[in-house]
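A single chain, nothing else alongside it, follows as C-alpha cells in the form predicted on its own.
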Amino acid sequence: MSSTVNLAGIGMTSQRTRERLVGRLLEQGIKHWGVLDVIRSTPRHIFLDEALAHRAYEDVALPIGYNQTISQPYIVARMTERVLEGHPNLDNGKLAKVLEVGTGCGYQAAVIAQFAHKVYSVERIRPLMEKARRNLRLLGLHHVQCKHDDGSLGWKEKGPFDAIIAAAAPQEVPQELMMQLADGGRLIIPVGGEDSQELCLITRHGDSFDRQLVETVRFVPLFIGSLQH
C-alpha cells in the first residue's frame, strides 16, 4: 500500500538505516508488507527530541519525557499487524475507526492512521498529547483526533471501534475498552505488572470475547484515573 504521510518539508534520514530496520523486522517475523512499507516511510525521527533523532531507526524504545517512551518499532509493527491481519471489517485495506490508548509522542497513531479512515487517541499527559498533535499535523494526518483524558475509559461517544491499540499496561483489561469494540473488533493490549506482562489480542464476537496471548512484552503501566496537566 502507499503511504498517506505528507513528507513535504520534513528532513529525511538515510534510506539505508530505514531499510536496515525493515530487514530486522522481517527477521523477527513481521510479514505484513503494508505494515513494513509504512514503518519504512514514516519519519520516526520527528517524534524524538533532536538529541535522540540519530537513533530513530534503531529497533529500540527511546525516552520521550515524563517517564514515557516511544515504542520499539518491532512492537508497533507487531501490534499493528495483529489487529489488521484478516480483519473482517477492512474496507479497501482500511478500518473505519480505531482507538489508541496512550498517544505518547504520536508515532503509533501515525502508523495505524495509514490503515484507518479515523483514529481517536487518548493521552493522560497533556504536554505529550499537544506534542503528538503537532507531529501528526506536520505529517498531514488530519484524520487523527487526540484528547487529554483517562485512556482506560476509552472514548465511548466515538465508538464502537474496529480496533483498539493500548500502549500502556493495566493489571487487568479494562471492561470499558472491551465493550467499545465493534462486532469482530480487536483489542491489543499489554497486561500485567512491571515485572511480567503479556501482550493480549482480544476479539469480540457478539457478547463473547476470544483472548489470545501474543508474546511477553514490557510497557509503562496504564494509570487509571490519573491525569497530568
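These figures come from a predicted structure and were not determined experimentally. Numbers follow the displayed sequence, beginning with 1.
One more form of this protein, predicted in complex with ligand SAH, exists but is not displayed; see below.
- Although the partner is absent here, Ile164 lies well away from ligand SAH in the predicted complex, with no heavy atom inside 4.5 Å.
- For Arg124, a non-hydrogen atom is located within 4.5 Å of ligand SAH in the predicted complex, even though that partner is not displayed.
- For the chain shown alone, Asp150 is a contact residue for ligand SAH in the predicted complex, at least one non-hydrogen atom being within 4.5 angstroms.
- A residue is said to contact a partner when one of its heavy atoms sits within 4.5 Å of a partner heavy atom; Val220 meets this definition for ligand SAH in the predicted complex.
- Shown here without its partner, the chain carries Gly102, Gln108 and Ala168, all of which come within 4.5 Å of ligand SAH in the predicted complex through at least one heavy atom.
- With the partner omitted here, the stretch from 177-185, 22-30, 63-71, 190-198 that lies within 4.5 Å of ligand SAH by heavy atoms in the predicted complex is 63-71.
- Of the residues given (Val83, Leu128, Val144, Leu95), Leu128 alone sits with a heavy atom within 4.5 Å of ligand SAH in the predicted complex.
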